[in-house]
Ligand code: BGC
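The chain that follows stands alone, in the form predicted on its own, written as structure tokens.
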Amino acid sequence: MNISLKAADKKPLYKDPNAPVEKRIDDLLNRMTLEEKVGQMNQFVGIEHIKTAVANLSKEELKTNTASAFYPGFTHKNVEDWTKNGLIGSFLHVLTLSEANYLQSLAMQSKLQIPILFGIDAIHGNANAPDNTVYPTNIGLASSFDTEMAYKIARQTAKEMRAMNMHWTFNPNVEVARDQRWGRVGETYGEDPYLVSRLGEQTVKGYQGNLNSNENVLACVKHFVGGSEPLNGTNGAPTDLSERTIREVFFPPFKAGADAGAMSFMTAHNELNGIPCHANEWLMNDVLRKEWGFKGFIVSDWMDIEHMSDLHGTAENLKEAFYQSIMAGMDMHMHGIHWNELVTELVKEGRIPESRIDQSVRRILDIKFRLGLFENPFADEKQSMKVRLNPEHRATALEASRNSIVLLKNNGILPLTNKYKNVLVTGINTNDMNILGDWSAVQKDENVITILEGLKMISPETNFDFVDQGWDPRNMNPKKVKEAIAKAQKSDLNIVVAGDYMMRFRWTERTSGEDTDRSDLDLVGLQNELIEKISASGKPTILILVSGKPLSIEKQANQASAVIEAWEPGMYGGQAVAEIVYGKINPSAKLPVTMPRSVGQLQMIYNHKPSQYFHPYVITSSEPLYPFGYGLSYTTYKYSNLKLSETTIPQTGNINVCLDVTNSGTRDGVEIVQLYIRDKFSQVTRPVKELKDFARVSLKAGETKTVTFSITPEKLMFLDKKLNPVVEPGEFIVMVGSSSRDSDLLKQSFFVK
């Protein structure tokens, strides 16, 4: 009797935190039914999300909505029951700690008590949930060229997520953004594979740490692959790319993420060369797992497996779509009610081996064990706000915002002095929470500093006359535009804060962001008239842009005295913008994406092939409005004494590049020094230049520093005619300077023998 009691009281091996993870997984898998295994591969939206969607969406609207969901024929009560029965492995769109803990408590009522893995779109901080630190969006972070800041933001985000019982962020988005019509440019790190790779890998490391702590979260490298260069600029449209372009441009940031230890990948919405990415065995198995050695799990994007049947037409029904995706390498389904039933049928029919299901479940359970969820399935609500929005995180958000804002034009008007006593401020983004950017929930007013509030804070002695243009560029009031134009003539100086609208709670009224793509890059509504006529007032006019992507502002830039690209600067964006306007901060950011003059210039990238402008455009310029890597400062920098350690090296050799950078102005500053390389002659065409390194250099007024870069064989390598990596003999041109523009670069050649 006593022996039986002891045996009954003994914990199963999978619940022993001291046992090896592999042994725990083996033990748990052996106890699971097929239905429980398939359930671990399925994700659902949260119950509060379901309640809201049911109240606001019709069944017809549900079919095309990619932000909200409910499950026709089922209620949130069904979802709760499935959770209690251990048939759901993950949730997304759970936005509060109380709901996360509640759903976890339901999972703890199941037979095996397998914890839920909560995923959330924590793209720039855990901003999609209320009461969290909101940093600049990824395009702003990329403008800082600051890999240490990328790590720091990710580290802090991970802590705030775990304080809300959230474990998995659908970031970094390492797509290389080469079509500015695409609404998700702001979610990326820009157009350059090297810059995207460096920021992406540090973001992965910041999120995940060693994945063995309650302060770490799972990173998700997305979207694999090619969705950032759709045929018509719209999210999810077909992508048709050569394998060379895929491997040279789009693969490197994903491989960097895998090499950095990322343990989840998300496939792209689009079809790639006729094959939906969600059923692309070459991508998921051949490249990601076999070629790159990826050990984590792959998750689908929002209902994209279903789209193989109802959109792409590569699967005749839902069951066939699930079959194709799983056999191609998919591990987890986002999201829906039919997965459990149909996948279980596929296994019982013998079409999918249960061993294949075990592969996926093993990968998912591995993460749950490593994150400590079996030991700590809940987060402490009393401790949560001691982590979220803490002073250290707020300070980082402000610093990141200061470093993300690009000064594009300055005719000497900036920084402003106190001689401008009466300043008109107007435009849709002057006093709106839209500065938070896409993937942001509405935050408390006291946690957001708008641009108007920032101006008043930094220059309290100035009389700011605010003419409110509302938040919606599509429906600006002509009377308010006329009012601002009239007041502009009487002011000392005018500030127009224009751009796009990104806030997700007004999903159908946005002009930029996820699934909000454009056929042009123009300012929407009456914004052009507002800028043009205020600039014509005869008074100095400053144009500030709040946007997630480059906009066509050639005419407006010519009219304005100064132009600032603030991107989506986050919770302290208003303060950071005002500090730059009034010279409290010296701007240092550089463009991580080329700004074209118009949509007709697309594709407009700096690292194009030599023949791209052999025949220039007629009538209009072939040059961008502002090039990649460009950004002004309130001081000046002089580049000199470019030297190479060698003039000839073997194919396996290294070469050091050094030069002097002098702050030749009167203000302290930070210069982003950029190194580019061109392979002058090669068996396949190579770009006119490629970014291969960069450095943020802090310089006091009058100070000179020597900057040294190391060029390794990897930085000279390219894919030959058979797509094999090779360093070819010949001449290489090294270019170092302040932007990708030829006139901003010093040049030297060396030879590989």
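Model, not experiment: these values are computed from the prediction. Note that residue numbering follows the sequence shown and begins at 1.
Beyond the structure shown, there is the form predicted together with this ligand, which is absent from this document and is the topic of what follows.
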To test your reading of this chain, name the stretch in 565-573, 266-274, 342-350, 535-543 whose heavy atoms come within 4.5 Å of this ligand in the model of the complex. 266-274
The single option of 630, 582, 634, 302 touching this ligand in the model of the complex, heavy atom within 4.5 Å: 302
Given that this ligand is left out here, which of 595, 225, 116, 92 has a heavy atom within 4.5 Å of it in the model of the complex? 92
Heavy atoms within 4.5 Å of this ligand in the model of the complex: does residue 121 have any? yes
Although the partner isn't part of this model, could you tell me whether residue 322 comes within 4.5 Å of this ligand in the model of the complex, counting any heavy atom of the residue? no
Going by a heavy atom distance of 4.5 Å, is residue 368 a contact of this ligand in the model of the complex? no
Indicate whether this ligand has at least one heavy atom within 4.5 Å of a heavy atom of residue 201 in the model of the complex. no
Three residues, 151, 155 and 399; all within 4.5 Å of this ligand in the model of the complex via heavy atoms? no
Could you run down 318-334 and flag each residue that has a heavy atom within 4.5 Å of this ligand in the model of the complex? 334
